[in-house]
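Only one chain comes next, encoded as structure tokens, the form predicted alone.
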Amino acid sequence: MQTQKDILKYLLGQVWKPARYTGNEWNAVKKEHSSVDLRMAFAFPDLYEVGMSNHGLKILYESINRNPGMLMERVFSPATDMEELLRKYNLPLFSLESHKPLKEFDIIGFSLQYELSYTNVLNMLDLADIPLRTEDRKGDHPLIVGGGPCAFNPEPLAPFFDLFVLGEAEECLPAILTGYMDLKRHGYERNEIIARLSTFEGVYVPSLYNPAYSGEEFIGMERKDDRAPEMIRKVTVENLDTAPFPKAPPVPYLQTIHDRAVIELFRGCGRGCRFCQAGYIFKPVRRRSRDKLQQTAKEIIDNTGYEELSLVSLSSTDYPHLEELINNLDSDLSARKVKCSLPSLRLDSYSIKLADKLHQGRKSSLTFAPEAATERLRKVIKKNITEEEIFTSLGDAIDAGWQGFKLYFMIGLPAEHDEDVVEIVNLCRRLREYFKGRAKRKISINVSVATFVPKSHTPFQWEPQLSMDEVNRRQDILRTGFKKLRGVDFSWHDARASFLEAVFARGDRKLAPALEHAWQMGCRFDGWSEYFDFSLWQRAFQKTAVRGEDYAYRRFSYDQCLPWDHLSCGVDKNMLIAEHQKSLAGEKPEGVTHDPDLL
């Protein structure tokens, strides 16, 4: 009789990229399950290559596994070939470290980074033989926990999760797990444990709240249990120098999306771009000290062998004395041929100077995100860059020998007109002419245009998304314009996928049946163009009497209740309203480029 181990060994020979499922990477932590009191699986609802590029995974992996009484193992969404085999051989979804079935763990924590991964969450639960809905789970089932950016409006997922953790979990999660162990040790049953965990800071238990409606209008949350707080406030790490940090993360056997070592310079962002959810939910700005960063960088390189070290943050060039830090890191690491890099740059001469310093001898392309092509629209979104700065910065880059540029824009931003769309093409045309007279070599420009998606907890949360027809029309303007512009490669996002993202970003619990139905019909990897099937979503919405347009295209008023109003990211709603009103007036802060209260 074949054991699960025998079947798994056979399956690995039948799938593409078996290293996605083998585990045993360098620095992977393996503990005996019998030697710990609590077993947690970190579940990332996308492929291994994507999940292993997620910095939050590595932080929590370190945070939990440093506790001798706890373990954390990893699991990723299996690719379609592996899913087919798991179902064929009735093999439950398993973790990488021990290859044990997920249902044998105490807790499964899902990282919710992107709305179009929601069907993968349901698929992973089903593959693990765990009931999808919290109401159907029994005492021996793992607790299903969610966290990450999407937890700041998790309502479409609420029926499927036992609880969510809002904010930065590296310090609070061990305390929550300890609380869970204590409650279980005292003999409390599952629902009582979940209810008592709601008293922990940052914990949201959806089953303790009922969404209230007046007709079709959402009017707020009603508490079913007095222990549940009226407002759930996010957890924030105050001192990054003392917080857990992955100095020896697992090193994958196959190439991942971001295949390099990472140090986080600071958390939060003082720029205040009005469309950017991360800039608001990660407030305030908190920095790591230079000494800590240098020490950590050396340890990570010693423990991993990476040849590239990425200095990440939402706006890395805002780190004080960054050039001095880079000089020190270069002095420490150059003998080991380790290069430092910045994930993205701001359009200013200082950033170009840093890029030139970091990429000596290997100048391929630089990435910038102007977001809008007109100064008027950049003022609306608070992206305070002038056209003069754009030309000066790119001119400096050309003089330094850079040969390619990737430029990111958005369409559908609030207050956008056709002239703003046409100006994306015109700006690139002017840049081409500018380069001809200045560049010694052929310069390439890659332009990528996304569609604006209104996100919770931002000044634009009240704004509607453009209709798909209008998005397609504006994309046609760009396609026509760029066809006539040689030397510029143009790509765009699928309007249907952006629509679906907006539906779930602004959704409530009425979306849960549509989500479940779409999964049942075969929706998987909706963020991947080769798997995305919008017709299935249309059928799911029709079957469950849901109008996605009511979520994506609706303009909210300030006095309306929003599905996420009971969840606090730490930013006062009146401040968001004030920022929204400034954007509508095209107002630009005078004399500053940062929000002074954030720095």
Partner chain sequence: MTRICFNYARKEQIKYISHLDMMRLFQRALRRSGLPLAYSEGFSPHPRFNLAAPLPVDVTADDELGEVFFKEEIAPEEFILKLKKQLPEGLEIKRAQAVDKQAPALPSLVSAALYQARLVTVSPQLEVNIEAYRSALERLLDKEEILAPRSSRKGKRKTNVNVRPYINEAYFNGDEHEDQVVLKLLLQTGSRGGVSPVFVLEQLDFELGEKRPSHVNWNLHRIRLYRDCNGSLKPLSEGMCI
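The structure presented is a predicted model; accordingly, all values stated were derived computationally and were not measured. Numbering follows the first chain given and starts at 1.
Unshown form predicted together with its partner chain; subsequent notes refer to it.
- Looking at residue 332, you'd find every heavy atom of it more than 4.5 angstroms from its partner chain in the predicted bound form.
- Remark: residue 470 does not count among the residues lining its partner chain in the predicted bound form, judged by a heavy atom distance of 4.5 Å or less.
- Mapping the unseen interface onto this chain, residue 581 falls outside it, with no heavy atom inside 4.5 Å of its partner chain in the predicted bound form.
- Contact check for residue 336: a heavy atom falls within 4.5 Å of its partner chain in the predicted bound form.
- Across the proposed site, 19, 24 and 259 without exception bring a heavy atom within 4.5 Å of its partner chain in the predicted bound form.
- Only one of 90-98, 470-478, 137-145, 337-345 lies within 4.5 Å of its partner chain in the predicted bound form by heavy atoms, and it is 337-345.
- Residue in contact with its partner chain in the predicted bound form (any heavy atom within 4.5 Å), chosen from 498, 304, 456, 113: 304.
- With the partner removed from view, the residue among 188, 253, 350, 391 that has a non-hydrogen atom within 4.5 Å of its partner chain in the predicted bound form turns out to be 253.
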